[in-house]
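Just one chain is shown here, as structure tokens, and it is the form predicted alone.
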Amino acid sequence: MSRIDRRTFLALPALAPALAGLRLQAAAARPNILLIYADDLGYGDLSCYGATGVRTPNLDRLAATGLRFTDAHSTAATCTPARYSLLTGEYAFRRKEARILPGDAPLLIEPGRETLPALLRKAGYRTGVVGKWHLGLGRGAVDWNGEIRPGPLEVGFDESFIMPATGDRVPCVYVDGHRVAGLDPADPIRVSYQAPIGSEPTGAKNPELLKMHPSHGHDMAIVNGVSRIGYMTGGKSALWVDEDMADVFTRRAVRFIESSQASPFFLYFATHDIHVPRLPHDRFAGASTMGPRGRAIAQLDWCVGELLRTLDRLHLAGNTLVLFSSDNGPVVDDGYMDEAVEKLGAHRPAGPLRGGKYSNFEAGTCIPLIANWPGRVKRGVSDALVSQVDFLRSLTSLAGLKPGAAAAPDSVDVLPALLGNSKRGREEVVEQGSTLSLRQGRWKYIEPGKGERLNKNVNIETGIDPEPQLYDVTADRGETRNLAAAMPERVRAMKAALDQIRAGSRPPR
């Protein structure tokens, strides 16, 4: 052995800790990202946000060891628009098609666009989506019996296992990649949102076949004893069982994590819970006094716990950023007679906020947000103003990428706020209900609109008013005092700012 070789050989043990440190530093530069996205979960629905009618120990632990946000927002008070903004970094009001989609709608996101998963894949991430999609599939007139494309795999995901739309909409099947999972070719699927198909029973004509009855709408095709929105025949071997859905999605999410250990991964785990129909597994029968809605919250918490335990088991927790949030605010009766209203008790799904799902008031978009990354996210509570539209630029910044100038037009890099390194988030954010609202710090402006002030189907205030509304949401979190008449100059200034944002002439701040 030469003198140089001998010196190098003798130095190797001393270099080992330094090399290991470099490897850890390189890994920390691109942490795994687990984004858990609940459905219709309100600001007050978790025990770490004040709920007492149900316990959420796994989410409570995530909040206790991480950062809990009190002024975080989805971009819209309904699901499809919020999910569109989350993945594209663009306010959904800019796309007239970005509304609550039927189950047979074409794909809303253009293939080739710089989406959150596409950019993270470019940065070396393995990307996956498991759970609710509700952003359309195909190019219209989907053939559910063949290849279904474009879909999640064409907008940046390496792996996809989804429900096409919602639990209360047909088709009631899982789509694995480009095909319906478990489909028997001899029993082809047919779907229609216009007229009944064949002589299949419906909720409207055959209520005696139902184990859960609709309170309004939801009276078409019957699947698993529940009538849905839309008509469907065939595909019997592929139909989901609602009570098993959380288990099916969670197992698939665990499998994705297990198979993605060799590289950093991004998993978008979009739960069905706590959307209607609420049919949690029987093992949650005693988990809440609030009936199926409370048990669905407990089931959601169990799903979170299973994923956290997987990270711990695989020794991945230390290098994984976990984000937990919801697509919009809460709704109690959203179309089924499931005792959610009767057993609500003292529970306040929106906490101190006014409104809920579908509403212009804060409960429509102010949602739970928890960030957790051991050693990197500071523990505590943050009142920084942040929006899910900012996840694209914030998370790609974390991965060392910067989107192109045309991508994510409304997204802002608020990574310091998400990690707890800054108390400031956005300066202003748009909220989409039936009309648009603008938040600037403590002030909220709701533009005038036409329509009913109460959505009678769900018993939620819409926030629609023919006159402008202005609230100080710091001093008046419940939006009880409209200050527009007393502060006309602020109303004019915020209206002008909202008009500029709508026109795309005001850069995101």
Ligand code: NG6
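Since the structure is predicted, the reported quantities are computational estimates derived from the model, not experimental observations. One rule holds for the numbers: they count along the sequence shown, beginning at 1.
The following text describes the form predicted in complex with the ligand, which does not appear among the structures shown.
- A heavy atom within 4.5 Å of the ligand in the model of the complex is found for exactly one of T396, Q299, S227, N328: N328.
- Screening R354, R439, R126, H275 for any heavy atom within 4.5 Å of the ligand in the model of the complex leaves a single hit, H275.
- The stretch that touches the ligand in the model of the complex, counting heavy atoms within 4.5 Å, is 168 to 176, out of 117 to 125, 291 to 299, 168 to 176, 403 to 411.
- Each of I100, H134 and H216 comes within 4.5 Å of the ligand in the model of the complex, counting any heavy atom.
- In the model of the complex, the ligand sits within 4.5 Å of a heavy atom belonging to Y358.
- Within this chain, D39 lines the site of the ligand in the model of the complex, having a heavy atom no more than 4.5 Å away.
- Looking at T78, you'd find a heavy atom of it within 4.5 angstroms of the ligand in the model of the complex.
- With a 4.5 Å cutoff on heavy atoms, D334 counts as touching the ligand in the model of the complex.
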